[in-house]
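In structure tokens, the next block holds one chain alone, the form predicted alone.
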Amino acid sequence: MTSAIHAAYLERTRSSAGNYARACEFMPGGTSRQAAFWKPYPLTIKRGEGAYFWDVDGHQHLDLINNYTAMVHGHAYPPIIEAVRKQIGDGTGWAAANEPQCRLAALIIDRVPSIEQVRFTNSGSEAGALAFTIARIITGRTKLLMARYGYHGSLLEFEIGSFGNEGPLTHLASYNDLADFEAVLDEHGDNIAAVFLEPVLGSGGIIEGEEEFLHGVRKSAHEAGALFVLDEVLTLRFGMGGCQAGINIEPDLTMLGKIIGGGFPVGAVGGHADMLRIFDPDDMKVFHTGTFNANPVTMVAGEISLRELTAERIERMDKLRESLQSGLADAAKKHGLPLATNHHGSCLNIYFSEAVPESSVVRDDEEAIGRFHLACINHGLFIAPRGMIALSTVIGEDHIAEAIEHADAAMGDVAGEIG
């Protein structure tokens, strides 16, 4: 029997349903991005502006996921739009150098102390693949070690680990468990080229890495002769120099993406100059190229995005997240729903359970969070299907109040169906 929440979603999103049906004719499952799919079908978005977007059925939604943290300044951010329009008028790409890539690279190097040079790619996934290539070339080894349920992109060696599985080139250990990482390195260290870690597990559920754990893994990786790679694709938003500056840790390589593209496809690997020397044409060890690497449109957008992500704005987003988190807890209590949350900075992940699970991948509230996600959409609030929320710099106190009001109504709907 179709629930009232499900039925309301079907009624409210008829144009999205039609678009999804057409998409299924041309793409497997009607999508090219699994993270942007949910049952019975995803919304089709028409346009976005500031803290909101509008779907093809004309409904306005307050966006609290912001393309999985990438739109740190919300939608159609005027300074970015102005810079991009100018660049498009001058050209969108050529098989030669461009000036904007130097400005963005210099800005990244100035903000992140461990980075001496940068190599641009087109996505966080490409950044992960490139970092793994660098590690394999430098160490002569073939395998990697990562956290179980971590996420470093869609390269097969990373993707299987995201779902908790090991593979021919992939070893896993438990996040925040230094002894487990040390044990794997003791047993397999001779074959491990690099250890990859997020300072905060993103898709795993906004789980904060303990400082002692992160420093300990770095030390153990180096003792085993492996590189230590810190994935700051998501977490660069948490501080002017990312998480690494806040805990004074120096990785060999840093993966970047999302906000350094200002809403356009981007990725990068930054690190010590001696690590990146393998790309120097005068003594090249690996041929790395890409038609859209350091695309000038992305570079100008990324420069604006990074410059305008100031310490003051980061602190303000953190405080607004605290207010939102408190309001969600009050709403859940009001409706008799259990609620547990993980958080770091401007991001949080909610669970309709008494305690947070090991990962968003392994949880016991799938029914409740699925209903809540659709109910939120029905009330004009947009969060990730797994309960993740990421604020933007254009969110204000009035938006937080609006979000709490809509979430309260959505929780009421959920409580009415599963209570």
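It should be emphasised that the depicted structure is a prediction, and the values quoted were computed from it without experimental measurement. The first residue of the shown sequence is 1; numbering continues from there.
Unshown form predicted together with a small molecule; subsequent notes refer to it.
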{"item": "Gly153, heavy atom within 4.5 angstroms of the small molecule in the model of the complex", "value": "yes"}
{"item": "The small molecule contact in the model of the complex: Gln244, any heavy atom under 4.5 Å", "value": "no"}
{"item": "In the model of the complex, Ser123 touching the small molecule (heavy atom, 4.5 Å)", "value": "yes"}
{"item": "In the model of the complex, Lys258 touching the small molecule (heavy atom, 4.5 Å)", "value": "yes"}
{"item": "One residue of Val72, Cys347, Leu234, Ile134 in contact with the small molecule, assessed in the model of the complex (non-hydrogen atom, 4.5 angstroms)", "value": "Leu234"}
{"item": "Partner-proximal stretch of 78-86, 250-258, 112-120, 306-314 relative to the small molecule in the model of the complex, 4.5 angstroms, heavy atom", "value": "250-258"}
